[in-house]
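As a starting point, one isolated chain is supplied in structure tokens, in the form predicted on its own.
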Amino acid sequence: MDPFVYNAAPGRVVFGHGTMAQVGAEMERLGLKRALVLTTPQQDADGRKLAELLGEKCVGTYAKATMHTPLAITEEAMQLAKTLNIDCTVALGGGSTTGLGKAIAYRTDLPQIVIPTTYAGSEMTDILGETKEGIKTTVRSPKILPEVVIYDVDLTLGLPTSLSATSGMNAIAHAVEAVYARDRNPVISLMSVEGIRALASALPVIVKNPQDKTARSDALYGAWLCGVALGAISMSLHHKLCHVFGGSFDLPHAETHTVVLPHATAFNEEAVPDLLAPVARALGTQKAGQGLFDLAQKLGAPIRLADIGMKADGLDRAADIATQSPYWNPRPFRRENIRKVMQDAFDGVRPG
């Protein structure tokens, strides 16, 4: 066994069906009385229902959470939080809403309760990605990690199959990077492979039958494991490329992860095939990169950057940005390597 360091992140997880009803009790357990409910514009009605559920424990709602956590939105929400004199946030939604709650917590150290409605997994990490002037950067801090995460399987039953597929692939991306991370450890590797297995098994069932509660439960379980994995390790090439495409080109978050993942994985698979072999087995294939590409196709998810808003004339700039401040990666790379990976993702070429 190679030497390793394992840090267990603190936090409370409540998992099951109908568990959103426990949010008030979780506030009481923490001694909290003045919550600001956060959602996206698309989930405003759901946020208002949550506010009604909380009653006097909710002092306001903010329904402008936005993809990639732009600084302007955070500053507006911060002003409202100050005006309302809140003592916590309750984020209901996917990665955009969770990100806003994290941004507020990073600046105020206020407690967070997160109720995920997708498979993003970011609720289990101490990582905040923010966008300012077209550049997305990340920061880590104990203040960013939510105090309570409430997983309610029932909230995912209405998640469209297209978003189920891409947010699930996004979660898988967290775990794939965890197995070859510089600071990987055997505990997180086990959780990562199990998370990938659970999602890879559940997502095809969900696409065929969105109301399958067993598959929905398995997918949310997998997303939780993948989120824990990302929260315990440092990110590499895949996340760097996605941060560039999202922050600088405003590509949709989950879709970008879905398209880029097979290609970044295949690139690293040439250098660390032993580390990615368990991922391939979890996918039921010989090669991890190819298995991820085939899974995305099977789910009807996008496989080309060209289909999710990327322009061919932006690839050179994207490669420049990605290599200006690169993340550590198990396979060293140069600009021409990254440009090739980006081109393959743009064209939707099956790895290998």
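Start at 1 with the first residue shown and count on from there. Not measured: the values here are computed from a predicted model.
Just so it is clear, the following notes concern the form predicted together with nicotinamide-adenine-dinucleotide (NAD), a form of the same protein that is not shown.
Colleague: For the spot marked by 67, 160 and 253, is every residue within 4.5 Å of nicotinamide-adenine-dinucleotide (NAD) in the predicted bound form through some heavy atom?
Modeller: So, yes: the whole triplet contacts nicotinamide-adenine-dinucleotide (NAD).
Colleague: Tell me the stretch among 67-75, 180-188, 260-268, 277-285 that has any heavy atom within 4.5 angstroms of nicotinamide-adenine-dinucleotide (NAD) in the predicted bound form.
Modeller: Contact criterion met by 67-75 only.
Colleague: Only one of 61, 290, 43, 323 gets a heavy atom within 4.5 Å of nicotinamide-adenine-dinucleotide (NAD) in the predicted bound form. Which one?
Modeller: Selected option: 43.
Colleague: Would you check, heavy atoms only and a 4.5 Å threshold, whether residue 101 touches nicotinamide-adenine-dinucleotide (NAD) in the predicted bound form?
Modeller: Taking the distances in the predicted bound form, the answer for residue 101 is no, it never comes within 4.5 Å of nicotinamide-adenine-dinucleotide (NAD).
Colleague: How about residue 127 - does it come within 4.5 Å of nicotinamide-adenine-dinucleotide (NAD) in the predicted bound form, if we only consider non-hydrogen atoms?
Modeller: Flag for residue 127 set to yes.
Colleague: Against nicotinamide-adenine-dinucleotide (NAD) in the predicted bound form, would residue 143 count as a contact residue? Criterion: heavy atoms within 4.5 Å.
Modeller: Close contact is absent here: in the predicted bound form, residue 143 is far from nicotinamide-adenine-dinucleotide (NAD), nothing within 4.5 Å, heavy atoms only.
Colleague: Can you work out whether residue 236 and nicotinamide-adenine-dinucleotide (NAD) are in contact in the predicted bound form, taking contact to mean some heavy atom pair no more than 4.5 Å apart?
Modeller: Output for residue 236 is no: heavy atoms all beyond 4.5 Å of nicotinamide-adenine-dinucleotide (NAD).
Colleague: Could you pull out the residues of 285-307 that have any heavy atom within 4.5 Å of nicotinamide-adenine-dinucleotide (NAD) in the predicted bound form?
Modeller: The stretch 285-307, when checked against nicotinamide-adenine-dinucleotide (NAD) in the predicted bound form, contributes no residue at the 4.5 Å heavy-atom cut-off.
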